[in-house]
Every structure is written in C-alpha cells, then in structure tokens.
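Encoded as structure tokens, the following chain is the form predicted on its own, with no partner shown.
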C-alpha cells in the first residue's frame, strides 16, 4: 500500500517532469525572449504572482520562475510540506499551460475553454454575493456512465453551483448534448489535469480582485479561499497520483475532495471524503463545504436555476418568439387592493404557445397584480426589473428587455418538455412571493397574447411609465431625506461600502436607490441600511459627516471619508464587480471610461483588466473609479471635477448605450448638442495623441477646463 504523502510527492514529480519538457521544447522553438502571457488579464501568470510575487513576461522569466517552483516541491512527511508541494504542483501546471499560450492566444481552438479572463472573474461578483452562485465544483475524470455524468452536472447546475470540468467527463457530457459554456456556468476547462492551473488562477485572481489580497501573502490567500470561495472537488475512480498532488493544493485552499476511489486513499474529515456511491456526490459535497441552499419551488416542466440566466436560444431552436421590437409587448407590476386579488390565479387571455405556428413571431403581455400591507407603488418598477432574471432562469427560455420592449423566446426543447404560457405565470408568481414575501401578501398573473388587447394595454401602461419617469426624473440627491448603503459585496470585499443615491446607483449596476429602499424594507438589518445626510460638509462635491460615519462603521474602520461626486478626492471604493471603470487620461486632461465587456486597449495604454487591477477590493484609488453604466449620464458624475464634460473616450458600444441620456445631460449642463459625437472610441483611435487631434477637431469642452492636477 502506498502512503498518501508519497502519492502527493510522486504526482508532483510527474507534473514537474511534464513542465520541464514543455518549457525546454517551447524555448527551443520560440527562443527564451519570446513573450508569455495569458489573454485578457492584468495578473500575468496569476499562480506565480500569487505564490512567488513574480510577474512573468517572457520564457526567460518563466524558466527562472520554474527553478523557484522546484524549491517548493518538498518531500518532507509533514502536512505543511505536503500543502506546499500541492501549490508547487499548481505552479508547474501553470508552466505547462503558459507554454501553450506562448505559442497561441487560443491553443484549444475553442474546443476547450482554457484560461478564464479577468472580465469573467468580475462577472461572477454579483451572483456570488447574492448567492445565485452558492459555490463551485471541479469535476475530474470519468463517471461510471455518460448518463450519470450528465445527471451529476445538471444536478449541480440546478442548484446554482458553478461547474468546472476536467478530463473525460467533458466527452461524456458532449455525447449527451449537454449545453456547456461560461454563460450557463458549466465550463469545459480542458482534457488534462494540468488545466486545473486555470481554475486555481481564477480563484487566486478573485482573492486579489475582490479581497485586495496582495501577491506573496500566501496565508491571506488561504484564509480568503477557505472562508469566501465555497469550492470543492469531485474526482472519479481511478484517481491518479497527479490528481492526488493537485488535491493536496486544493485541500490547503479549503476545498475538500470527494471521491469514489478507495485505493491508497485515506479519509480525512472535511478534506478527503470517500463516497462509494457517486450518485450521492452532490449531497456529500454540499455538506462537506457547509453550503446551505434556499431553493424556490417553481412548478414548471423544465429545470430552473440561475445557471440558465445566460442561456441563448438561437433562432433555429425557437418554437415561438414573443418579439416586442415588432409587436406590442409589455411587462407590468400593478399594485392593487388586497380584496381585488385571488392569490396564485394565473389567467391566459388569448392563444397559447401550441396555437401558433412554429417559429412565429407575436406579441406578449405579462401583468402581475400584487397587494400587501407593506407594498408601495415605488416598488413596482423594482419588482418589474427582476422579471428578466426570474424568467431567464428557466432552461430553454430567453428573456431580454423590460417595460414595453421585451422579447421572450421559448425553445423547441422547452416546448416539447411541456412548457406553456401558464408556466411563465408560475415563475413570476413563485419568485415574487418568495423574493418579496415581506412586501406582498397576494399575487395574481395575467398573460395576454391577443394583439387588440396588447395594443390597448400598452397605451394604458405607457401613461403609467410616463408618470413613473417624471417622478424619478424629479428625484435627485437633494430631494430625498436619506441615502442607503449597500454592503452585499462584503462577503467577498470586506472593506467595501457603496453609498447609493437617487443619482448614483451601485457600481455593479444592479442596485438603485429604489432597490436599496425595497431591500431595506424587506430586511432593515440586512445589506442595505438607511444613511442620513443631515450634516453637510460640502454638498457640491458630496461630503456629509453622517455619511462618513456610516462608511467608517460599515467598512470596519478601513475608510474614514468618501466624496460621492469626485474621482480625485476620497473616491468611493470598489469591490471588483463594477460594470465600468473610469481613469484619468493625462494628455487631454480628461477621463477614459471602459466597460467590462470591452477587451481592447484604451488611450491609457491599458485594457479594462489592467485599469481595474488598480482599484477594487475596497481601497480608494484617486484618479480611478469603478461605477455603473448608468452613472455616466448622471449630473453628479465627477461633479467636483467638472462633470461628464471630462469624458474623452469610451468604447463605441458603451457610447451608443448611454448616448440618449448623456446627450440630454450635456445639453442641460453645457448647452452642447450631440455631445457623444465629440467623445472618442476604438473606431477613431486608442492613441492619446491622435485622440487629442479628434478632441480639437470636435471642439470638446475638456480642452478649456481647469487642469485635474
């Protein structure tokens, strides 16, 4: 019988031999000065940065780093050495993968995911803190049958667990046509165990991005991953020495390993768990990581999970397309008196899905009528906006838009499984009642498909929307008595606090002032609490004594002051999941804004990831600020420095998104028409000197503003 420690050491030696071979061959092919990088990250080779504080830029750097990696491959029979050897195995695995990326930005040609970008790490910030993603599982090896592999993956997916796949289980899932990809939270990372380097890189970057953990602080990383990254491993029999060595590193990070392989394996409580029945892997794993799930029962014939929020239903897979761009369509939450509602009544007014031709495009109206003693009309749009998330969680159903410009596609697979319009009503009812139980006592849902009804209904609700918009437009930071804080992200970024105002939503883009008000009403001691604004210091730049006191208390003393309308003086902190980041562009005396989806270079010479690496984790970085997309058009955006007139460059897609409101703001503040046309984008240039020429030609107002420094 082979000892477990010896299996770790033998596996590490095997990984190091593979890494040495890959490194030697790659240097021989490309030369030692060839550049090395992972795409779309500001953290270089993140595992080497984490463990050794090394920023690797070339194969020469990688060779020097690999020599240091070897010093961690310690064959001493004590737990500390075993864990260090596990980390060394991850580093050696990263060397193998780095050699592939030195040869190609896409070494897997789309067949496997490989490296995960910084943007993908940040994209998971909100669902992690809201518990839509309660944890991560790494599944390695080959399940007893293809059907069992699929059942395991979909079982985790249905529970919201993010799934990483390594090895033969990928082929098993593909044989049964499993829908995989980052948007549906099932990622086929790679065919070999050393692709685990990408998963560990993902986790280590999360610690740096959200937790502001500093490179080289190994114990801080261990603490962060144990308490804040709820991950675990499922390893199918047979478990090789290579996998055992990687498992040692996983366990050191706080990630238990659950396996059905008893050979040369010793159970360790909460660390190594031998579960002979692979059909019990899910419950065993969740218990081992102490993951508690709150699952809302939704009575529909397809799977329901937050994992399906990013699913796309293509045209050729569509049974029916409710297309609000061509036909009257709408969503409306309407407050009624309690006696006017029959709880859980779902009424279909018009033809159902089967009554239309396959692929037909028609209109659709969803009206949820709600009542409750704590319900307010202000909360109608808050609930309405969540229809997008509610409906998208159904497998095979795609929802986009809101209000009277919605689109819902029902796939052929969902239709064949029995999904009908009544099930949209079931989703809306179940989620409203569970998510807003403190506000709503009764809910009924009406679904309309007759064109004449939809035309009449749309005319009626547009009057309601106009009234709402007028109220919201008049709601400014000055006209409300209180702000709210939001500390949802403290589960990952302990020092970060958002101050949410009517004119400045949360930097994630998901929490408006009305959202925060509703959340506070639901739970006064929860993530959003009242922040008074009675003792003003400087209202123009956004400083209040009582706001600062709240920030100091909620950040556990890490922050003493925030300035709500400045990027230069005590700017509000960021957690890491911001939609956009703003940074000073010194040539023009303005600022560049880039959104998370943009992968190119900005005039600062940095990508989104590189700019974002300079902030986040709850620290204040004067000159850089994370924020939501809709804050860009706010009259409070950078008011201390002159406002939106400082914006000199944005990606074209972001410009088009914010153009209507930003143009209106610029017209009101500066008397400028079509201001967005003055702003540069990647189709014009990403060079700061060429950008200056563009700004001069357009007469951009930034050129006559006071210097920022």
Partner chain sequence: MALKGLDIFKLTPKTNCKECGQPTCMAFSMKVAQGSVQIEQCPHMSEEALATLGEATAPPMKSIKIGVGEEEHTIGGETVLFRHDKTFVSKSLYGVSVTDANADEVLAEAAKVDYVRIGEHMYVELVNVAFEGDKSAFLSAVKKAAATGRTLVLDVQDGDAAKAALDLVKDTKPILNGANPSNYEACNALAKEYGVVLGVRAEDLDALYTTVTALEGLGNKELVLDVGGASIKDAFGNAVKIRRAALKDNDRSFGYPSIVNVAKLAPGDERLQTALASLFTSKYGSIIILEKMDYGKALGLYGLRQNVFTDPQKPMTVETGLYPINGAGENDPCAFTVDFALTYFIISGEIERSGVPVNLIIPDAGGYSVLTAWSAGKLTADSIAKFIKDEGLEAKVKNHTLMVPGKISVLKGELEENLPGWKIVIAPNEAIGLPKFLKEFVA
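Nothing here was measured: the structure is a model prediction, and the numbers come from that model. Residue numbers count along the first chain shown, from 1.
Separately, the form predicted in complex with its partner chain exists; it is not shown, and the next lines address it.
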Query raised in the report: Since the chain is shown here on its own, which stretch among 514-522, 215-223, 585-593, 167-175 would lie within 4.5 Å of its partner chain in the model of the complex, judged by heavy atoms?
Result: 585-593
**Report entry** is_contact(residue 153, its partner chain) in the model of the complex, heavy atom dist at most 4.5 Å
**Finding:** no
**Report entry** Residue contact check: residue 566 to its partner chain in the model of the complex, 4.5 Å heavy atom
**Finding:** no
Query raised in the report: Is there a heavy atom of residue 613 no more than 4.5 Å from a heavy atom of its partner chain in the model of the complex?
Result: yes
Query raised in the report: If you check in the model of the complex, is residue 620 within 4.5 Å of its partner chain, heavy atoms only?
Result: yes
Query raised in the report: Ok, 600, 605, 359, 183: which has a heavy atom sitting within 4.5 Å of its partner chain in the model of the complex?
Result: 605
Query - Residue (of 295, 405, 345, 312) lying close to its partner chain in the model of the complex, criterion heavy atoms within 4.5 Å - result: 312
Query - in the model of the complex: members of 671-709 within 4.5 Å of its partner chain, any heavy atom - result: 688, 709
